[in-house]
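First, one chain by itself: the form predicted on its own, in structure tokens.
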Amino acid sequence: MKRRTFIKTSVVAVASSTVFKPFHIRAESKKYRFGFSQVTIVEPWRVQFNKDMKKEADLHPELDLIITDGQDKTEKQVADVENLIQQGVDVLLISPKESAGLTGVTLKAIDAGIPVIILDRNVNTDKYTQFIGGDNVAIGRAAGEYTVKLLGGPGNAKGNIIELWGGMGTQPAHDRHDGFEEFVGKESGIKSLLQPIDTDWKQPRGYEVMSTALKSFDKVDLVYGHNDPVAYGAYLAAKDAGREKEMKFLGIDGLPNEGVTWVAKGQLTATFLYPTPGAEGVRQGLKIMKGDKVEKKIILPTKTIDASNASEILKENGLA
């Protein structure tokens, strides 16, 4: 079996950007200072998340945006948020690694009178100012419905599937499973081959889990990865085993340079858009600063991306 090397090219591109420096001296010309606590700057979806946020912030010269890197550690992210509170940011934006782990510091910010916008993953309180993110249950449903159609249609679907979970301690992974199960669970002919195994949303881990599974199961019809890198890791494992043509691969995220590209190449069968909430977070934060009323929750829309529209999406993003 060939050994795969997974190159984290996104780290190099991001590390050189000053936007991720955790401390800024506020320019005299700035009117507002926003602080954003990001989980990690390594995962591709998070890289795009930060780029989208920075691009929107650059449109507003009155805004000074601080983005911190939690380094994929809850304790580091909590410390980052506490530091932003001490700096007296006007609006605090948080995308939690773990819901429970960031709840206490969210309440601390609210108690300090700082508006808090939660992005992507929620916290275990409703006392935040606003939540912005995709509907992971709805995305899971879309993947489940698509799976049933691929495997024969409602009432007739048959096949062995492998579900590769994201982070077991995160609500999105559970939501993506629950929505998927609403459709797949109704089909007696569909058999799930694996108990939940945490891939931590990482491509190498998806490769590893899939490689092990392929040694145990002679027939796999479909793989559902909780994000595109995990699904792609599974595809690479199947390819190295000479079995990629016997199964379909579904992912979630829909980044043009990743999931959409892999669909266009026929490596993934479909991906389901999980839009980044960073730009909308900046827009909503500015509304708060102007005294405008904001919605408690904003749910960003998804869409299915497969062979029917992947090429067009790549063209729209200058990638084809």
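Throughout, we count residues from 1 along the sequence that is shown. These numbers come from a predicted model, not from an experiment.
The form predicted together with beta-D-fructofuranose (FRU) exists for this protein as well; it is not shown, and the discussion that follows is about that form.
- Proximity to beta-D-fructofuranose (FRU) in the predicted complex holds for none of T147, F183 and Y224, with the criterion being a heavy atom within 4.5 Å.
- In short, of 40 to 48, 282 to 290, 61 to 69, 263 to 271 it is 40 to 48 that has heavy atoms within 4.5 Å of beta-D-fructofuranose (FRU) in the predicted complex.
- Interface membership of W201, defined by any non-hydrogen atom within 4.5 Å of beta-D-fructofuranose (FRU) in the predicted complex, is confirmed.
- Using a 4.5 Å cutoff between non-hydrogen atoms, G134 does not count as a contact of beta-D-fructofuranose (FRU) in the predicted complex.
- Among residues of the shown chain, G179 is not one whose heavy atoms approach beta-D-fructofuranose (FRU) to within 4.5 Å in the predicted complex.
- Within this chain, R121 lines the site of beta-D-fructofuranose (FRU) in the predicted complex, having a heavy atom no more than 4.5 Å away.
- Contact residues in stretch 239 to 255 (any heavy atom within 4.5 Å of beta-D-fructofuranose (FRU), taken in the predicted complex) are limited to D253.
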